[in-house]
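Shown here is one chain on its own, the form predicted on its own, set out as structure tokens.
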Amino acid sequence: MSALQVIGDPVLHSLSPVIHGAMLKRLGLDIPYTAHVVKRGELGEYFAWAEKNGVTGFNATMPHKQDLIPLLDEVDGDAALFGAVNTVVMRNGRKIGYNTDGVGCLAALEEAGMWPAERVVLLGAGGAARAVALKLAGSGAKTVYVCNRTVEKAEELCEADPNGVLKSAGFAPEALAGLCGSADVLINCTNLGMAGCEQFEDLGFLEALPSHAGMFDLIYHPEKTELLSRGERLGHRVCNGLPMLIHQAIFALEYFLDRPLDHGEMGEAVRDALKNR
């Protein structure tokens, strides 16, 4: 019997069992999907345990996204480019790693009517920002400004872009306002505005956004951050991170099952499950 999991530390708070469970139920598949705590340094032991217990695939969160790479037989293009894996398929004695964050973001932006776009202002330079920025850079954006309080970190991310689309920038409000003046999309990849985290000190730079610009925030708790609330009051299209979370999970399940899925139907199943949890 096959089984699927999400691993990490901490991981018991993860929504992945709810999301994947809803999709598997809609598909009529009796495949368990559970959360499994795996501490840093325990991946070797986990692989041995997983093979003995019928695990055929798993999602990975912190602290394993980078540590998995040298342990895999094959790493897909996006995962290799991002330097991080969030999905592993174990099939025919091989362990293959993927990263669905980038394609999940693109699908969410398309669904919200914010993609394709030429000029993107992206806030943050951490792991999520890396996946999103590099995916946009390779998918048709002409310029993606990576804005970070530590400019050196933004520069490091930009150096990983083989297309020369990423440009590093600072995080001061006046600098952000200057970049936002010609942006098609503003994307927040920081935790600023997340429940229990630090907030933006000054959102005045949003006044500079053109009327057609969309705003996408990877945060989904709260459902609408102050960034999105302010943008909505200014008349912009806004979208939180839940669609990206759902789409990246659908792409992961496609890898697990080795077949395409209807994203509309799967998204409906997930949203129903999240409402009723």
Ligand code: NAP
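Position 1 is the first residue in the sequence shown; the rest follow in order. None of the values given here were measured: they were computed from a predicted structure.
The form predicted in complex with this ligand is left out here; the points below concern that form.
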| Within a 4.5 Å heavy atom cut-off, is G97 in contact with this ligand in the model of the complex? | no
How about K142 - does it come within 4.5 Å of this ligand in the model of the complex, if we only consider non-hydrogen atoms? no
Open item on the list: Even though the partner isn't displayed, in the model of the complex is G170 close enough to this ligand, meaning a heavy atom within 4.5 Å?
Closed with: no
Touches this ligand in the model of the complex: N191 (any heavy atom, 4.5 Å)
yes
With the partner omitted here, the residue among V38, A208, V238, I219 that in the model of the complex has a heavy atom within 4.5 Å of this ligand is I219
The listed residue (P116, G138, G126, G181) that reaches within 4.5 Å of this ligand in the model of the complex by any heavy atom is G126
Only one of 238-246, 52-60, 23-31, 39-47 has residues with a heavy atom within 4.5 Å of this ligand in the model of the complex, and that stretch is 238-246
Looking in the model of the complex, the residues of 134-159 with a heavy atom no more than 4.5 Å from this ligand, listed in order, are N148, R149, T150, K153
